[in-house]
Structures are given as structure tokens and as C-alpha cells.
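Okay, so here's just one chain, in C-alpha cells, the form predicted on its own.
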């Protein structure tokens, strides 16, 4: 296992992958790191894929996506995002990861500034840097469950501001953008003439009494919002790699031009899977949501028993957990959890430099495995509580 000193020199994506590599060396490690659903892809989606393969539906599709799938996504944009769009405003991508790179590549010119919530999934930083843009961090706070405050955004708007990124529900905090704040942010976008990139990949999993709000549905926002989502999280089909973008037609055309000369169309078999998901029943999502709600309660009770505080997880798959009560930095605690408890958890510095007192803990394991993880973690916390902060 690599030393703690080596891990301390890392942050962001590099740190996450280094810890995952270390976990491969740990027998019987419980993974509470990555955000990949552990539930099975619904049987009807798998059956649709088998049928497509048997009947030879494997022809190459247009770069922007299978026409039938784009039409189905446009139809679902009404219930899912409260957006009324045509299929020409839809693009199919190889997961959300490719989608975010296409959006940034098409939108951001060298020197442009994009306002980004802190903390955040650091792939955005890499995409912005690749495009020559400048990421301007907007702080979020535990007092309001890491909602995005319009006043914090407004302070950072300048002559080079090109766009605002919203991620709702948030990775890593589990926070959401509430309707009141979304309305105020929409007013700022119109007033200052910037684009909003709305990452809604976890939008199907918002927990009562909260609601999912799509800023693109608000007055004046249809022509200045790019919505990113996909099928991976909602239908437990991350391996199929199917995301989608909803945007004005000229933006879709620009991104299609980039995709045509780089990755080309998403694999047809994956698009067939997504088509089955988009046109089928959502009973599986309701079932998944109930499972996650149960896990959310289980983790909340277990973490509280260990003395941890955390932001209220209003959506998504994560607990953004304050480790300061232990007296240790989160990175050191993550290392000890992996080394001594055989539990993989990501420290907050994997999502932003100022989050050295936070852990991102996923709920993507069965109840019994989560209970075992908590049982392993508790003695480590008790043993090291009050240790020197490294």
C-alpha cells in the first residue's frame, strides 16, 4: 500500500483513483467511494438489448444519436425537466462524462470564466482547463445543505463570465438547488446574459419533502440553458454509457461537429438499452428510490452514532460528512478507514481543495454491507478520535 505521505500530495481525480487502486490491494474491502449504482439494470432493459442483438439492430447511428432515442428523450423532457423541446434539441452522449466535455468544449473560449459550485465533481475543472477557460469557485455552506446562494454567485459575476454551472442534486454534497434560489439565479442569468449549464444526472433521486427543479424551465431560460442528464444513475446502467444533452439547436449542432470528429456515435446496443428505458415503465425508479431512502436512514443513524455531522442529503447517493469531530483531517481518516477497517471512502479534497474536513460516503451498497462498513469504521473513529491533525 502506498504511504500516507504519497497520498497527501494528491487531490481531485488523481486522489480518487489512487485510493481505488489501493483498495484493490485490500482483501474484502467495502467500497463506499464511487457513485456507481449497485442495483441490477431492470430486466426489461436487458431483454430489449438481447432482442436488438438477435434482430440485427446494430447499424451505425448518426453522431447526435439514434433518431428514435432523441425523440423519446425529447418527450421525457416534459415530465423529467419540465422542458418542451424537439428532438433537434437533443444529443446522445457516451455518458455524462463525455457530455460535460462536449458542453465545455463548444461553449468556453480561452479566457472565459465559468462560475462553479464548491465543492464539485472535478471533471468539470479538467474540462474547463482543457478549453482554456477559468473556473471561478462559488462557495456553498452546510447551514443550507449546500444549496447555491444567488448572492454568492452575483458577487463573482464579471465581464468575462460566460456561464454558471449548477449540479442538482449535487455530487458530492447531496444538496439541491431549491426553487427560490433557482428563480433568483435565472434572473441573474438573464440580467447578466450568461449561460447556465444544469447537470441533473441525479435528478430522479430527490427525497421528500424536496423537489427537483430544472432551471431551464424558468422564464427567459430556454435559450440560455444547457441541461445534462442520462440513464446511468436512474436505471442502474452505468456500463452502457448513455447520457444526453438538451440545448438550443445551434449548441447541439456545435457539439455534434465535435463529436463527429472525435468519438462518433454512442454504441448502438447502448442506445437500444436507453430507448427501452426512455419508453418503458418508471416503476423501477420508484423502487430504487425507496431502497435508497432506507439506506439513507441507515447511514444517517450510523454516522450520527459515531459523532459525525453531515449536510442533509436531499438527493443523489452521497453523505457529505464533516470529519472534524474526530480531530483528524479527512484524508488521514480515509486512509485509516481503508487500511484498518477495509472501507473505501473518498476525502473531501478529492472534490475541492478547501474541503479537508469532509468525507464523501456513498449509500451504494446493500443494507447488510452498509451495516458491516459502519461496524468496521466505528472502532477506528474511537481509536483515533482526538489525534493530531496532520
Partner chain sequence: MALAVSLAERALRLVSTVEGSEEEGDFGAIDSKVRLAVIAALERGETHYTDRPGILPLRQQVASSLERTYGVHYDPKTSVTITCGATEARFVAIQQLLADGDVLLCLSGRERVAAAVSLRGATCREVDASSYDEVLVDDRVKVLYLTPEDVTPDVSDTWLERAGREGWWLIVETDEVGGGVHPGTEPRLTDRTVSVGGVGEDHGLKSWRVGYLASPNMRAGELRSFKQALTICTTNLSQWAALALMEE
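Residue numbers count along the first chain shown, from 1. Note that this is a predicted model, so its numbers are computed, not measured.
The same protein also exists as the form predicted together with the partner chain; that form is not shown, yet it is the one meant from here on.
With the partner left out here, the partner chain still marks one of 174-182, 136-144, 151-159, 267-275 in the model of the complex; by a 4.5 Å heavy atom cut-off that stretch is 267-275. At the 4.5 Å threshold, heavy atoms of residue 296 stay clear of the partner chain in the model of the complex, well away from it. With a 4.5 Å cutoff on heavy atoms, residue 302 does not count as touching the partner chain in the model of the complex; it lies far away. Contact annotation: residue 36 falls within 4.5 Å of the partner chain in the model of the complex, judged by heavy atom distances.
Contact annotation for residue 248: at least one heavy atom lies within 4.5 Å of the partner chain in the model of the complex. Of the residues given (29, 49, 336, 66), 49 alone sits with a heavy atom within 4.5 Å of the partner chain in the model of the complex. Taking a 4.5 Å heavy atom cutoff to the partner chain in the model of the complex, the contacting residues in 227-263 are 233, 236, 237, 238, 239, 240, 241, 248, 249, 250, 251, 253, 254, 257, 258, 260, 261, 262, 263.
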